[in-house]
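One chain is shown next in structure tokens, namely the form predicted alone.
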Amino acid sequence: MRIGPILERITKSVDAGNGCYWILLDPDDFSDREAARIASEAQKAGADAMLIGGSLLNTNHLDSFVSSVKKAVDVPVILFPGDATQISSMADAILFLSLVSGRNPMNLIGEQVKGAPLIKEYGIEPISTAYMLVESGAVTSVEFMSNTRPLPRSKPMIAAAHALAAQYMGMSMIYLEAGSGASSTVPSKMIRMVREYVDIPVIVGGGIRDASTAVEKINAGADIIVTGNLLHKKNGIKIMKDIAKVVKAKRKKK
């Protein structure tokens, strides 16, 4: 499959030794207007892309939500779907996720089969991504909704083997996820081992609440840092600026 412009942009950045910072916006948490305002502020703070999605998506305003965010920024707006119902023609791209850490066939291939024709019809750029849940000390929304067990955080080799298998199957990125609001982040030892095993971009999200944690994950081998719950904090924008700063500082040093 031909590489799309957004994946090409990400890959070129990573190949050049650059880190990226993405913001996750859940349509269940914000109105269209709030999301547009936050996205604009996040881009000014240094965010490189906006992810949109969630585990539940109880709202019916996905299209208008994505459209509002897209009008407010000039960075890529990428869908981060919980299932095949969370697809919008308004987005620039979609992380075409397969939950390779689990053994639930619906999350491995079932939802993907349902969503693929829509993605083709809408002309959204699909970015095949191996989604890997990592044990974080609490049951996360995605763990509960997907009915899958996360990878044990004390077994980095298991994560590395899953990531390598995903690369061999042709996936374009690895997403290591501790879960929204996780009490513990993806272990740096695990990130480091996954980085040693794969050549494709590694995304890390879940539980990253400050710049020091973000740079720790970057130093361990993460290429892209994702935060979401910071948006609910009063000083969230400042923290985002701090995270973007350390990620961009890392870019300059490489």
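Note that residue numbering begins at 1 and tracks the sequence as displayed. Here the structure is a predicted model, which means the values were calculated and not measured.
Same protein, other form: the form predicted together with SN-glycerol-1-phosphate, not shown, and the subject of what follows.
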{"property": "Proximity of Ser180 to SN-glycerol-1-phosphate in the predicted bound form, heavy atoms at 4.5 Å", "result": "yes"}
{"property": "Non-hydrogen atom contact Gly207 with SN-glycerol-1-phosphate in the predicted bound form at 4.5 angstroms", "result": "yes"}
{"property": "Close approach of Val226 to SN-glycerol-1-phosphate in the predicted bound form, 4.5 Å, heavy atom", "result": "yes"}
{"property": "Partner proximity in the predicted bound form: Leu24 to SN-glycerol-1-phosphate, non-hydrogen atom cutoff 4.5 Å", "result": "yes"}
{"property": "Location of SN-glycerol-1-phosphate contact in the predicted bound form, chosen stretch of 122-130, 160-168, 180-188, 107-115 [non-hydrogen atom, 4.5 Å]", "result": "180-188"}
